[in-house]
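Take a look at this single chain in structure tokens; it is the form predicted on its own.
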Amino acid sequence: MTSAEEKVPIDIDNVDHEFVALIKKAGGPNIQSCFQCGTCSGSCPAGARTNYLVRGIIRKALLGLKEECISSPELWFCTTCYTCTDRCPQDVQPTEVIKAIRNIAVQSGYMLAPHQKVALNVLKTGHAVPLGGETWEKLRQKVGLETRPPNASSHPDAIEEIVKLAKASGFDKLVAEKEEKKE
């Protein structure tokens, strides 16, 4: 358990009054309906195994503590299972709020390395999960499967389309390998 002395105090002089509006615009339209009941955190499978508290992130967002939200590693602990959204009595749609804050975080230069690696893999191979290589392909063939699954990885033209879309939207620049921001 963390004691109060170990926690970094929140700087209430560093409030972004436009943060809630930005979250709403980015895809979390009901954030202001949150009355901090805790149902989201209490039902979160990720929160049961980590120090992730959906409620805490939403509270910081409502207080306009943008930097604390977007730089928080816990922001990335959400598995987007939608349990919190299914159970929210106020229809806050916490999963959508978290995704919106993540989008703002990425635009501001924050992204955990594993998430960046997944995004870069999509740009490179058309698939988020790395495929297993030659041994994997031989095993697939041995059991009667195509060497590549029926996804973009087996269609070079599809990968080209993914790259075109990423460039047109600026996604490639957002996830480009760069020096991580320090918290």
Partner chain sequence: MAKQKFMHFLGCIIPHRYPSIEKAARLVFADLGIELLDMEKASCCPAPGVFGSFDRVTWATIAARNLTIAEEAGHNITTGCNGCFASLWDANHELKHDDELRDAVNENLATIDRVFKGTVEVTHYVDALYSVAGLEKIRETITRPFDGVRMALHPGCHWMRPKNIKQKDDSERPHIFRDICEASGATYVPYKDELICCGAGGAVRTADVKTALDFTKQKFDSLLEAGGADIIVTPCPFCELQLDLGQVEIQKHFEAEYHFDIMHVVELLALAFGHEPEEFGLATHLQYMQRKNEPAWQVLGIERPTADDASASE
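Numbering follows the first chain given and starts at 1. Basically, rigid core = biggest C-alpha set you can superpose within 1.5 Å across the two forms. Bear in mind that the values here come from a model prediction, so they are computed numbers and not experimental data.
Omitted from view is the form predicted together with its partner chain, to which the following refers.
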| item | value |
| --- | --- |
| Ile12, Phe19 and Lys60 all contacting its partner chain in the model of the complex, non-hydrogen atom within 4.5 Å | no |
| Residue contact check: Gly38 to its partner chain in the model of the complex, 4.5 Å heavy atom | no |
| Heavy atom of Asn103 within 4.5 Å of its partner chain in the model of the complex | yes |
| Heavy atom of Gly64 within 4.5 Å of its partner chain in the model of the complex | no |
| Pro149 within 4.5 Å of its partner chain in the model of the complex, heavy atoms | yes |
| In the model of the complex: members of 72-101 within 4.5 Å of its partner chain, any heavy atom | Trp76, Phe77, Cys78, Thr79, Thr80, Cys81, Tyr82, Thr83, Thr85, Asp86, Arg87, Gln93, Lys99 |
| Flag for Gln32, CA shift 2 Å or larger between the shown form and the other one after aligning core | no |
| Shift of Gln141 between the shown form and the other one at or above 2 Å (CA, core fit) | no |
| Residue shift check between the shown form and the other one, rigid core fit, Leu65 Cα at least 2 Å | no |
